[in-house]
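We begin with a single chain expressed as structure tokens, specifically the form predicted alone.
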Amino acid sequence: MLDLIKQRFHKLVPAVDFCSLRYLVQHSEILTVRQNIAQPPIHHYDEGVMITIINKGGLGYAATSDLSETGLRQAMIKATQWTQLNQPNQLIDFSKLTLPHQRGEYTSIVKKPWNSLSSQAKFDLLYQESAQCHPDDKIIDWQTSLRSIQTEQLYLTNQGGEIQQTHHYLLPYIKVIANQGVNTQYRTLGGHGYGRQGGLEILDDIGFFGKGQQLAEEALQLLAAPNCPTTIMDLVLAPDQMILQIHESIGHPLELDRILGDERNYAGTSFVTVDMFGHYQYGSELLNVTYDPTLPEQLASYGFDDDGLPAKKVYLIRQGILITPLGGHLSQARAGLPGVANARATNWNRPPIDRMANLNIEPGETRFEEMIQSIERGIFMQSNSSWSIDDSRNKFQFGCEWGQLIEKGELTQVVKNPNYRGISATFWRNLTQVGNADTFEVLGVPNCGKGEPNQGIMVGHASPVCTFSPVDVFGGA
């Protein structure tokens, strides 16, 4: 199919300033065992093309699932018509925009392919883990699942650009719910954050086997635990909560199209403004945040974004100072700022917009034991359970599944319903400790939503354990 698409594109490409074709085919499968019973497998297949044209200062695009010569020709005609219709009303003159015409390839590293095991063998793995999730009748619901996604993408331009990228993803999932009277508690695998590029080898890499029993025992512990105290204390966050903190209070505020106002009617704005880059003190000197598409296992690693821009590691925040926004080629031109290769589309029938990609906190030098021993009175929280943040991504309150008090340098009492609140603009300045590489975990968010119509997309986050002090902590209902 790829060769056929190439032949048809080069035969049909119109005489315009710029024309690109983005072809995407996606296969996915979800296998689930709930309460030791296999659920019907879910299969999904999708395939189509997006045509983008720039001509005489106007920009237009059109998508189609008709990959015949006639279908592609009609999409090019529609995209060309849109350039003529919207040219008088464009925010910028697209004739001044220089889009890349790169050539290259990217392929996920897979050691144990999804199809190397039969469906029955994969269900057997899920049965095995599901059976460990029910050690007590207070466990009222539980499920284990595996979601596999495979995509193949081809990007062509009218001046010889040609990029081929193949991605393989695996998203394992476990959830265990415990109940006694009006008290319900649950534990999940990494707060829904375990998803990586690769194959079935990921199950061993993240220690999937045995997690069901551990999560069930922790859910039962939470049932018997007192509520989290309401006070001000030191807060230690595990990587599976740090990813939500990064996502909501660094990632979204730094999206350049949001800063420029594009998302105002739907996803909101940002407390960050264009004039802050280069000098604004976003966090303490311990805070180093990177856009890093080079870690092969992360969800949003790739060679090129969907506008054909080559991807490379860039510091967004270095020693606490805000440096670079999350803006792709178009937003960079509009704002007059440097950015990163993060223009991505969730599917063939959506245009690329600024997304987080892989947004990580670089490890520090402190061991986990040293972090705990240094705290007189604090709390350790794991696994996000709820989040609320205002439209400008500034004031927030987040909840976790698991809390454990820290008293005189030791982890002590488990507490349920732990929450904390803060303000993005000051919270990161209270970062007092950053864990070393031994505490660093690669995780991600599989369903970041943005754009109109909505584009749900996978983003990667990796972080060490971090300490913040002081923080307003409180118990939930």
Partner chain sequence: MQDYFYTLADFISSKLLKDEIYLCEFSGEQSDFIRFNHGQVRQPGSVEQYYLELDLIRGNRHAIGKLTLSSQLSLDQDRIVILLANLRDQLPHIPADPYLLYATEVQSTQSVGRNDLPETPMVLADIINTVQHTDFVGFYASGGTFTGFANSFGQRNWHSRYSFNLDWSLYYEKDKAVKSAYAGFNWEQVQLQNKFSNALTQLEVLKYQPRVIQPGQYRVYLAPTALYEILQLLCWDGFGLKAQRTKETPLLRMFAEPKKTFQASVTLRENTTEGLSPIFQNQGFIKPNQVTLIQQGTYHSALVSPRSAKEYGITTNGANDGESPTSLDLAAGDFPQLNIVEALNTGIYINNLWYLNYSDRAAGRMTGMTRFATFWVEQGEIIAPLNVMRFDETVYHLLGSQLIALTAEREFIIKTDTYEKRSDHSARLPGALIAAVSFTL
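Not measured: the values here are computed from a predicted model. Numbering follows the first chain given and starts at 1.
In what follows, reference is made to the form predicted in complex with its partner chain, a form of this protein that is not presented.
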Heavy atoms within 4.5 Å of its partner chain in the predicted bound form: which of the stretches 202-210, 176-184, 154-162, 373-381 has them?
176-184
Test of understanding: in the predicted bound form, would residue 405 fall inside 4.5 Å of its partner chain by heavy atoms?
no
Verify the contact flag for residue 456: yes if a non-hydrogen atom of it lies within 4.5 Å of a non-hydrogen atom of its partner chain in the predicted bound form, no if not.
yes
Would residue 351 sit within 4.5 Å of its partner chain in the predicted bound form, counting heavy atoms only?
yes
Would residue 437 show up as a contact with its partner chain in the predicted bound form if we use heavy atoms at 4.5 Å?
no
Residue by residue through 40-62, which ones have a non-hydrogen atom no more than 4.5 angstroms from its partner chain in the predicted bound form?
40, 41, 42, 43, 44, 45, 46, 47, 59, 60, 61, 62
